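Here you get one chain, nothing else, as structure tokens; it is the form predicted alone.
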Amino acid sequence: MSEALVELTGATIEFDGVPVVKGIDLVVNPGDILTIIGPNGAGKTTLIKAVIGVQALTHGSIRRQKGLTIGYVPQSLHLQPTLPMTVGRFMAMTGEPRSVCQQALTDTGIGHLADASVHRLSGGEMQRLLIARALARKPNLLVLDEPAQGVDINGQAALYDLIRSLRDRLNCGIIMISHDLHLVMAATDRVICLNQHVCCSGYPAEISSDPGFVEVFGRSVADSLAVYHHQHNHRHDLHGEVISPTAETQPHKDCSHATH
């Protein structure tokens, strides 16, 4: 197996002596998609800030692969509405060559928007731009904090398709935070349920039956996830529409993006 990209052991972060996250063990390898779920205030964003190196641990240890490059996608980015800014200019601020920036835009499906104003982008287009900015660094590890924030249900499906395709093509590791439980269960390899500590972790198909998950999210949510079978045998376009189904697939039957 390849060397882990990042490994946390007993990671604890305290603010004024109060633990925000406590005793976290976490390993991300190349090609992994790991999703962190949990209620508000569970410490999810604090934990990934430690992963990317902007938040120190109070106790425990973190080891990053030598030469690791991390691409970070925040929940949102506020730009002054009076500041003229095109997509191309926004990408140029990464300091990467123009060809690299344009390729990153193309890879996220918005290469045609290089001359568009960032202030006129839809929610999904803006999230793709933030992902493109992270990709321009050619990361080994991509860290996304609520990547589908402010995006409608079809756009969320398209974004998660994009994230999986980037993993497949780049073999990078991916850590996501998400509240979109039904969709993210189809988009991830492993799930960690966090509520200051790790309540449970495992494969998406198993996690909803774990007592720790039920305790955090409640029985009704656990039951709705337990019966949610997402056979992801198709792809979505930029607007979330199903594309390229095979003759054997039945996308409207197999992929019901529920919002229980």
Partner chain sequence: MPLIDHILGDFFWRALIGGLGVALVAGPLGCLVVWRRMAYFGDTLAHSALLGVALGFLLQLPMNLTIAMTCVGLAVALVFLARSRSLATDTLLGILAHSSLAVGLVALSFMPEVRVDLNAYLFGDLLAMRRDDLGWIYGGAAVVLALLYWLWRGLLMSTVHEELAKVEGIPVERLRLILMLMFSLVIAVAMKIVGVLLITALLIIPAATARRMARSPEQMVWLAMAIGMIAVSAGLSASWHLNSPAGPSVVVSAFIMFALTYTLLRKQRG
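Note that the structure is a prediction, hence the values are computed from the model and not measured. Positions refer to the first chain, counted from 1.
Beyond the structure shown, there is the form predicted together with its partner chain, which is absent from this document and is the topic of what follows.
- In terms of contact with its partner chain in the predicted bound form, the residue from 94, 165, 102, 154 that brings a heavy atom within 4.5 Å is 94.
- Contact with its partner chain in the predicted bound form, judged by any heavy atom within 4.5 Å, is made by just one of 34, 194, 50, 70: 70.
- Picking from 170-178, 86-94, 104-112, 157-165 the stretch near its partner chain in the predicted bound form, with a 4.5 Å limit on heavy atoms, gives 86-94.
- Shown alone here, residue 138 lies farther than 4.5 Å from its partner chain in the predicted bound form, counting heavy atoms only.
- Interface residue remark: residue 123 is not counted as part of the site for its partner chain in the predicted bound form, having no heavy atom within 4.5 Å.
- For residue 190, no non-hydrogen atom is located within 4.5 Å of its partner chain in the predicted bound form, even though that partner is not displayed.
- In the predicted bound form, at least one heavy atom of residue 74 sits within 4.5 Å of its partner chain.
- Taken together, the three residues 54, 80 and 119 all lie with some non-hydrogen atom within 4.5 angstroms of its partner chain in the predicted bound form.
- In the predicted bound form, its partner chain lies beyond 4.5 angstroms of every heavy atom of every residue of 150-178.
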